[in-house]
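One chain comes next, on its own, written out as structure tokens in the form predicted alone.
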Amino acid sequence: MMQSERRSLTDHERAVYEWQMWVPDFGEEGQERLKASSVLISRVGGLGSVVAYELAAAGIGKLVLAHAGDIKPSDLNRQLLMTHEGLGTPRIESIGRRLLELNPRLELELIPENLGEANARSLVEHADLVVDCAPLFEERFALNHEIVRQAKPMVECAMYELQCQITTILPGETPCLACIYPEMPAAWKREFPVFGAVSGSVGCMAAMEAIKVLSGFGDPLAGRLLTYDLRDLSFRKLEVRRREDCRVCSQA
């Protein structure tokens, strides 16, 4: 598990993060590691907005956020960093404004475009850890290829209707996304049925996975895939293995 460098806290930061620093195996050292860390979030919509908000609240030092387009009415049921007042304006502007209202100490790098093969390398270079919240497998595979190449951890999460899944990828130690999905899933679309509360649930888990990996405590979902269905509150934790013939990580 990675452990980031440490940056000293101010008295104000100690007051803000006091309650979470009471967690015995986290403490002030863990908080200092968060302050020194940077996270890339690919798409800051229904899932990524919750990840970004929780990381900002927890005291992450820097967020690199990639999200294109303008706010639409259909965003407002789940994209919690968007507002009714902002309809028709760039999503990334609302994202930055809302996060800084919560944490003005946060460093932000705002990219008004979605991640793809053309920009994956440069964006991953800017972060210590990646959280993949993209809806399309083309984006997810491009990100997976780059985090394996750069040996950077990634929290991989997704949802559909009332179902969610999440795992943590540690290149060289765990399976990558291409081990789990050797081929592009057929008939997958960007728009699909979902409640905001569903994406919010896995978004909170993803933020916590990132916090654990960056600060070096707890037991992340490395080599394990958590799936659950909120329709009946059923949960499963599955062991996943690296594929010897994986087109991505077997060559790393």
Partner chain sequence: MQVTIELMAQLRTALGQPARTLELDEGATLRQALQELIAAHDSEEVNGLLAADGGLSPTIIASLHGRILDPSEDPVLSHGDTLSLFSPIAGG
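This one's a predicted model, so the numbers in the text were calculated from it and none came from an experiment. Positions refer to the first chain, counted from 1.
This next part talks about the form predicted together with the partner chain, which is not shown.
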| item | value |
| --- | --- |
| Per-stretch contact check against the partner chain in the model of the complex, the hit in 53 to 61, 211 to 219, 39 to 47, 23 to 31 (non-hydrogen atom, 4.5 angstroms) | 39 to 47 |
| Exercise: D11 in contact with the partner chain in the model of the complex, heavy atom 4.5 Å | no |
| Residue contact check: P182 to the partner chain in the model of the complex, 4.5 Å heavy atom | yes |
| Non-hydrogen atom contact N103 with the partner chain in the model of the complex at 4.5 angstroms | no |
| is_contact(L238, the partner chain) in the model of the complex, heavy atom dist at most 4.5 Å | yes |
| Neighbours of the partner chain in the model of the complex among 121 to 146 [non-hydrogen atom within 4.5 angstroms] | C133, A134, P135, L136, F137, R140 |
